[in-house]
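The form predicted on its own is given below as one chain in structure tokens.
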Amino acid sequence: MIENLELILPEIFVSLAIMLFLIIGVYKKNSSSLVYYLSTVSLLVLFALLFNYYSLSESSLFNESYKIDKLATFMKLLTAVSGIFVMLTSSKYIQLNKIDKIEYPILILSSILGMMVMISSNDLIVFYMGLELQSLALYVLASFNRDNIFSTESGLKYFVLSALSSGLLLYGCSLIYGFAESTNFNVIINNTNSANYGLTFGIVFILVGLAFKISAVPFHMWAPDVYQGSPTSVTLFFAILPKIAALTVFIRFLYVPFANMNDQWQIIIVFLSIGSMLFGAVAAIGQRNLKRLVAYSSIGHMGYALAGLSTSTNEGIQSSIIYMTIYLIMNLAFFSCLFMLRRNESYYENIEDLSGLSKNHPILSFSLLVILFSLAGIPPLAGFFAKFYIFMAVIEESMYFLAIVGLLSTVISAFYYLRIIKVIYFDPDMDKYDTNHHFGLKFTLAITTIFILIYFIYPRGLTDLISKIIII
């Protein structure tokens, strides 16, 4: 029992931190800044705790329903790092928009705790507990700016559609439990066979629920409105962290209990991938709002990540993890630039607001140039390598049609990224934006932009780290 508790020390720490911060918020007036600061520090401590687990061998606890392995530890580290940078970049934003309440960082910590449970889950019930803990916090975060009708609308939309997807997911879980006689992944694999149509239906329903969480086509309908309506700091959170947890669940769900039924689920993943890549590339062309554009862009990027998963190989899984890692860094960099578009305590988020930015803000414009080229997959930036690893994994499995669709989508998506660069460098300039940004925002933009720029010098650093994650 003590060994079990040691292995889940990070989860216990976050749970205790949440309860402590709630008590501080109740008993100490005007403690929102203190709680925000302590929450950021607690995420740093969480990262340090998780870092010690990366060298441990694989362990299962609670009757093999909770797994600690290389995949879980790496994804939790990624979640903790993302959480730290989200907190660093958005502190000024939430103050100016008057949403700096004690509940805000506590909800973020609660959502991260749910993601950690999802990432380590080796049982359908444990996975669903983590999913709902994550989702309940996200519902509130999306509508956190109660004085803004768009924020309230986005929270309601996300709540209704997420409840529908959760119902479908639960129905899939019940089918699998009925036909496989267990909710534990290790037991399910011994009770599966490709002729069991009940299990196939169960897989389909669960994949529908998971596809909703990563906004894959055709379950993407919530993303543009929720991304645009939510506070920008919450949109950044939505754009990165839930996708890390959902991708990990995809990997565990497909490659542990249903590894011998890949003929049934592979075609579904390929369909989701192709639909997401094409739709994300085409639908973003007509967008004028940067947050809506990021929403459609993220749909396309999830298509590339799913393409790696569809290969049924370790190389494909590793390429998807690399893709997600680089994608979250690019998103952090892009939103850092978005937070710098501030004038007279108002934030701007439309493409025309970037008009002539290079004339007054050359460093910010250069950062955006690097980030947008990277998102478009132009060499030698990090985004190119992310796509390159995916295409290599897909081509090695002779899935040429998927690779061709991916390449076409990359070419189409380059249009709307290049259009933004044209607006920044060639359109007439507007009034200058404020330049007195806080250190956390500057630091995040600097470190992410530098990573994107110099990744090509030593790409093996990340690939060697992720190559230790063996699933099949």
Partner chain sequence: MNFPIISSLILLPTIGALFIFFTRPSSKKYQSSKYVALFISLANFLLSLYLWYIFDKSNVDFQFVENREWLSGFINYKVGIDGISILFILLTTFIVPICIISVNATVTNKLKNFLIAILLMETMMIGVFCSLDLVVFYLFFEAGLIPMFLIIGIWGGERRVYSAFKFFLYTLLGSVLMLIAIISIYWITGTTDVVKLYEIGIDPKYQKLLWLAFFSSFAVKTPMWPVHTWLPDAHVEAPTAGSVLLAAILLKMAGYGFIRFSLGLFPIASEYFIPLIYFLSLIAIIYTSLVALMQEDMKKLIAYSSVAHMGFVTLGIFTMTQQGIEGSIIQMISHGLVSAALFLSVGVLYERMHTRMINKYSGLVLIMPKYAIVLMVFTLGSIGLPGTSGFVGEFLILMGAFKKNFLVATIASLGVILGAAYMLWLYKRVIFGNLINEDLKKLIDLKKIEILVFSSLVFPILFFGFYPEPLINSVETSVINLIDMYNFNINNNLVLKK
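Predicted, not measured: the structure shown is a model, and the values here were computed from it. Numbering follows the first chain given and starts at 1.
Beyond what is shown, the protein has a form predicted together with the partner chain; the following relates to that form.
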item: Answer option from 177, 348, 201, 388, heavy atom within 4.5 Å of the partner chain in the predicted bound form; value: 388
item: Candidate from 446, 411, 41, 56 lying within 4.5 Å of the partner chain in the predicted bound form - any heavy atom; value: 411
item: Contact label in the predicted bound form: residue 167 to the partner chain, heavy atom within 4.5 Å; value: no
item: 4.5 Å heavy atom contact, residue 400 to the partner chain in the predicted bound form; value: yes
item: Close approach of residue 380 to the partner chain in the predicted bound form, 4.5 Å, heavy atom; value: yes
item: Contact flag, residue 126 vs the partner chain in the predicted bound form, heavy atom cut 4.5 Å; value: no
item: Partner-proximal stretch of 412-420, 31-39, 435-443, 62-70 relative to the partner chain in the predicted bound form, 4.5 angstroms, heavy atom; value: 412-420
item: Non-hydrogen atom within 4.5 angstroms of the partner chain in the predicted bound form for each of 212, 253 and 279; value: no
item: Sequence-ordered list of residues in 248-282 near the partner chain in the predicted bound form, where near means a heavy atom within 4.5 Å; value: none
